[in-house]
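Here we start with a single chain on its own, the form predicted on its own, put down as structure tokens.
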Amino acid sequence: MGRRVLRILALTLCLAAGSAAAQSGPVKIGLLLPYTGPLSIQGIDATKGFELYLNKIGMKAGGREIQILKEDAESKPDVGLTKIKKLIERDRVDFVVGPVSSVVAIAIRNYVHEQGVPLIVPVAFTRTLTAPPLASPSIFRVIETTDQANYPMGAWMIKNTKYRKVILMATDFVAGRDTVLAFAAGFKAAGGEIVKEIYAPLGAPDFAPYLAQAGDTKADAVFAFFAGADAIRFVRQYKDYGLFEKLPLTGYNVLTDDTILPALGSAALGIVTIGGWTAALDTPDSKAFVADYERVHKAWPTRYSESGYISAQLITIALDSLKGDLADRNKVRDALKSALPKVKAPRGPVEFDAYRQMISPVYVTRAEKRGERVVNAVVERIPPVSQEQVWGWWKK
């Protein structure tokens, strides 16, 4: 009996020693972002923002070194699920940051929920991820949903423009449809009318057939969602087709992303968009972030860089509050939830709702030329709107 007690005691001491060693080693953060494929710019920029903040604090928080492990999700659901399993089961990461694609986010949701490793979502903005029944205590999102920006834009349009009949144009996939339909719901609730919906396939090389449909429709403006290379082709062809004077172009801010403005050049001028942040935002925190980023990368940051920067702050503030002790997952999740109001977000004050979805201001912008640079100049700040305030139209 005495020997058995001694063995149990020895085992207990070994387990305690192993736990202590794990808590004193590096904190592992997995980045599950696209580094190749059509959304690679978003993944690379989010990584740059994330690393910028960690480098500012010496890659240490809560008294522990921070180690980053990167996996290319390729914006593919099956690849994203395989890579997050590697990060959690083989690499034993303490946090995961990602993804960019909403389809990937939905594909990994159940696995994240079952494993309990905190997932910080910096870009994927599908409305369902942080709304019941999919909302999970392990998922924290630091970007507005499709609805938090685009639904209020409908009322803003009625109040601030003469547009009453609008055409929707978007890439025919989840993010595109969710975005324009959220705008449509807000626009119709404020008294507007959607006269036509036009959807083009991802990667469409020629938008002429879709632009012809718009040109043949009696309307006051177009509200659009096209991103990345699609946005560059769409905006250029829209201007070349001569539609802008007849149908002013508006949309979600992927249409004139800061990252593609140099490629768009004068074709972007005059386009009004809505989104969570622009590098032209004139506030102390935003200007400081832009200056730090430009000094390191010789270019302005994008909204993806900003959300990566927020993600890094969120994790490190939580680590400091826990003094590096990540043994209790419930305490880690509580620390993350209470950390967001302490983040100095370039976009302005932020907080989580009950479902760990960020509530933040959003900005109406217009592409203008300032000096030699085309920027998304802020037209108006729309006060923070929670997802619960804008999900009534779809969540029955």
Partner chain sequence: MTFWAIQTLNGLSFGMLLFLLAAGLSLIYGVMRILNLAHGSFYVLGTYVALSVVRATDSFALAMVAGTLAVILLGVLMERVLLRFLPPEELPQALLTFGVLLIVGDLCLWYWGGTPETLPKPAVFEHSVRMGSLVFPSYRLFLLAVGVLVAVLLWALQERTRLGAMVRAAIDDPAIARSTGINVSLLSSGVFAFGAALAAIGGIIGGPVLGVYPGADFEILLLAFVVVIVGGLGSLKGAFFGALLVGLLDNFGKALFPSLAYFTIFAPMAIILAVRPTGLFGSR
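Predicted model only: the values in this text are computed from it and were never measured. Positions refer to the first chain, counted from 1.
Beyond what is shown, the protein has a form predicted together with the partner chain; the following relates to that form.
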* Asked: Using a 4.5 Å heavy atom cut-off, which stretch among 37-45, 347-355, 54-62, 361-369 contacts the partner chain in the model of the complex?
  -> 37-45
* Structure fact -> The listed residue (F173, W300, Y210, W156) that reaches within 4.5 Å of the partner chain in the model of the complex by any heavy atom is Y210
* Structure fact -> The one option of D78, E114, E294, D240 with any heavy atom within 4.5 Å of the partner chain in the model of the complex is D240
* Asked: Is D282 a contact residue for the partner chain in the model of the complex, using a 4.5 Å heavy atom cut-off?
  -> no
* **Contact test in the model of the complex: P205 vs the partner chain, heavy atoms, 4.5 Å** => yes
* **Any non-hydrogen atom of R236 within 4.5 angstroms of the partner chain in the model of the complex** => yes
* **Proximity of V195 to the partner chain in the model of the complex, heavy atoms at 4.5 Å** => no
